[in-house]
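In the block that follows, a single chain appears as structure tokens, in the form predicted alone.
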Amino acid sequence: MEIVVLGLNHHSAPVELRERVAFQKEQLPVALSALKKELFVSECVILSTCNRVELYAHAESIPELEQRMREFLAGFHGLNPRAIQNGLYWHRQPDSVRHLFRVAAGLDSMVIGESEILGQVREMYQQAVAAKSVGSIFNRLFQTALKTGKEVRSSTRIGQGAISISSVAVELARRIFQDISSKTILLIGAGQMGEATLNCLKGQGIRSILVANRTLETAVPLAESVGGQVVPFAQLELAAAQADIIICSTAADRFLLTRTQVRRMMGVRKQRPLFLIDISVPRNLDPQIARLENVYLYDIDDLEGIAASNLRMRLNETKVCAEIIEQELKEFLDRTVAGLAHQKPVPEPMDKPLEELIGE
């Protein structure tokens, strides 16, 4: 018996292929039951996210297992196995266990070190528990994977430092304001990156949003989508004076706010801090604005520089993360392969809250 994994992810397959084999939540009980019965595996878990679809199985080491799992994955979604074969990877023990630990730790993610995957692994494991497709081996495997992911994040800086433009903006806003949820955002323009930054900040609890765009037909649906209010472009300075955070993402060929205007705005604001993000190329906010007291202006190069620096920091942490994973892998294999019979039994997942098992 050994642990194997068949899957495809953002490294191996494009999104148009990944979406064709993704499992909806309501499909998982049927899929897990079918995988266990049709392939005669003793335990199984399906991990399906926007960036990966992976089938984990504990089964007899038979030559046909890989091919049968390929056929199962394709057949469940009504596809010819040849349609997905080039995007698939196959890992046997111990590489399969190492792969799961890396996934849970965020080392195999599109955004290295992201934390969302740990919750997704936990949810998929809980789905398998509910479907009764896991036993003592996979209980231990996934509990150890979750513990490893938690340890990697708490013992290293792999998850620290924003590495996208929008998340850098949130990080900077938190440095400037004690509570950003109570602040007002003004989005100038309807550029894609500006909208993404707005949504990222809105995700922090901000509810007061203003949208200004030269084309009203574009501004209205955008404002409605974020629960914001449209302000006339002619009243831009007045609206900017009300805002604490200004995101500028337009295609204008001139400065939309000058140092003189912002100095005047700061008088109206009684010198309350003002955070400006200029994602426009060419820049639409006068760089001289940054010289004003209590005004913080960042352009696209500033944000990309911070993101790149944070990414380098995360990459430098991967060696330490790998060492933690290898130690956990060794201990897991020693317990499971060499001396499982002499260990205390793994508690059934429902006997103890999973949050306790991973230290949350």
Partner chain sequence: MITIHAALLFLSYAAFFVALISGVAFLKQEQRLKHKDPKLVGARILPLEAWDKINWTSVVAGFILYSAGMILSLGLAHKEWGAFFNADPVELCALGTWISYAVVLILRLKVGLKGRRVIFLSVMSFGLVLFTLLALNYMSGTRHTLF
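Since we're looking at a predicted model, the values are computed, not measured. Numbering follows the first chain given and starts at 1.
From this point on, the text means the form predicted in complex with its partner chain, which you will not see here.
Each of A162, R175 and R272 is positioned with at least one heavy atom within 4.5 Å of its partner chain in the predicted complex.
At least one heavy atom of Y298 is located within 4.5 Å of its partner chain in the predicted complex.
In the predicted complex, at least one heavy atom of N310 sits within 4.5 Å of a heavy atom of its partner chain. Put simply, E293 is close to its partner chain in the predicted complex: some heavy atom of it is within 4.5 Å.
Put simply, V168 is close to its partner chain in the predicted complex: some heavy atom of it is within 4.5 Å. A single residue from the set R140, H99, K183, R122 has any heavy atom within 4.5 angstroms of its partner chain in the predicted complex; that residue is K183.
Checked against its partner chain in the predicted complex, the residues I325, L35, I306, A59 give one hit for a heavy atom within 4.5 Å, which is I306. Per the 4.5 Å heavy atom criterion, its partner chain in the predicted complex is contacted by stretch 175 to 183, the sole one of 175 to 183, 122 to 130, 89 to 97, 216 to 224.
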